[in-house]
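In the form predicted on its own, a lone chain appears below as structure tokens.
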Amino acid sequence: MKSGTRNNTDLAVLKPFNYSPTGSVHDLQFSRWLAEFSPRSLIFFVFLFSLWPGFALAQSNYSMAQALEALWRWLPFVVGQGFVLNLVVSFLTMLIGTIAGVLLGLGQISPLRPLARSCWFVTQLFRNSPWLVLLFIVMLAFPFEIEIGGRVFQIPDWLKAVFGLALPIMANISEIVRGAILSVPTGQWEAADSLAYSRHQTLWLVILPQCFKRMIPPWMNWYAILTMATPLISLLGVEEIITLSRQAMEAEDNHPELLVPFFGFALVIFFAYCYPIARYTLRLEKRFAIRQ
């Protein structure tokens, strides 16, 4: 495949391990894909899920009404303690990843070559690393408790999951920052030089204010991706919505008819949360689009 067309493919491939001098801040494929679903599609899928207990009724005495009643009974537990933790993890991960990513992105454009190359390497490393592998490494590498000033502090699993997910988010935010800065026309830098601005003043007073609007849509896109990825932490024993759903089904004697109602509800609640974000992301992209 020619290098000139490599970045135009829609296939799910690894991001290229190279340094693109032009940058890219408008990678909103996930939001576009999610926004293509209409509310009618969601209703259709819910209808299909609702038929599952009816088909299973021929093999079991557990009815559809009983499955939905069990879901309703466990709803405060699954949502109040499970999904809320998913949101807490996504908020904290995005906060930590954004702060670290901004610093890493600024480091990539540093005139100090050793610093720029180091930041570039860290960015590419975590951009192309599997999220689940990073989660396992952080979960096993971080201590379960630390001692500070003679006091022992426990480190909960969900907090270690936050640090694990923050690594790829940090790397992708770093690339957003780098791409946004390099997308500013060089005339802006030259105008700042003509006013005798230092590099620090140019960045903070001229360049970054222009980059802020450009970075919002891809930042929101990555938040939606992150929120969808938080169920990964259930594989590490963190008690989020998927883990608590499994516990609820075990408490209901693990009837097979419970699988679709409980996991279907998890699908619906994630979709209902991320769909408006995706739609709003595309609206902001059109609003902040650069007029040529």
Partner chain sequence: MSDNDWTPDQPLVSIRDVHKSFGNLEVLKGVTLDVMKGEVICIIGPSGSGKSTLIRCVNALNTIDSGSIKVEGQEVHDPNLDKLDLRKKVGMVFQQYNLFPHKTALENIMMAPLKVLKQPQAEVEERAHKLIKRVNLGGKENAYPGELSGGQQQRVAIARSLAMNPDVMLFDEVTAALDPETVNEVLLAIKDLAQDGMTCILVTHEMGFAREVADHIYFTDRGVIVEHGPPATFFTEAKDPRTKEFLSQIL
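Residue numbers count along the first chain shown, from 1. Quick caveat: nothing in here was measured; it's all calculated off a predicted structure.
Keep in mind the form predicted together with its partner chain is missing from the figure; the text below concerns it.
Asker: Of the options Gln201, Ser110, Ser183, Gln81, which one has a non-hydrogen atom that comes within 4.5 Å of its partner chain in the model of the complex?
Answerer: Looking at Gln201, Ser110, Ser183, Gln81 one by one, just Gln201 meets the 4.5 Å heavy-atom criterion.
Asker: So its partner chain isn't shown here. In the model of the complex, which residue out of Ile216, Leu106, Ile99, Ala191 has a non-hydrogen atom within 4.5 Å of it?
Answerer: Of the candidates Ile216, Leu106, Ile99, Ala191, Ala191 is the one lying within 4.5 Å of its partner chain in the model of the complex.
Asker: Please determine, with the chain shown alone, which of 163 to 171, 191 to 199, 148 to 156, 112 to 120 has non-hydrogen atoms within 4.5 Å of its partner chain in the model of the complex.
Answerer: Partner-contacting stretch among the options: 191 to 199.
Asker: Just to confirm, Val206 within 4.5 Å of its partner chain in the model of the complex by heavy atoms?
Answerer: Val206: yes, in contact with its partner chain in the model of the complex.
Asker: So in the model of the complex, does any heavy atom of Pro76 sit within 4.5 Å of its partner chain?
Answerer: Result no; Pro76 lies far from its partner chain in the model of the complex.
Asker: Since only the chain is shown here, I'm wondering whether Ser129 would be in contact with its partner chain in the model of the complex (any heavy atom pair within 4.5 Å).
Answerer: Result no; Ser129 lies far from its partner chain in the model of the complex.
Asker: How about Gln210 - does it come within 4.5 Å of its partner chain in the model of the complex, if we only consider non-hydrogen atoms?
Answerer: Gln210: contacts its partner chain in the model of the complex.
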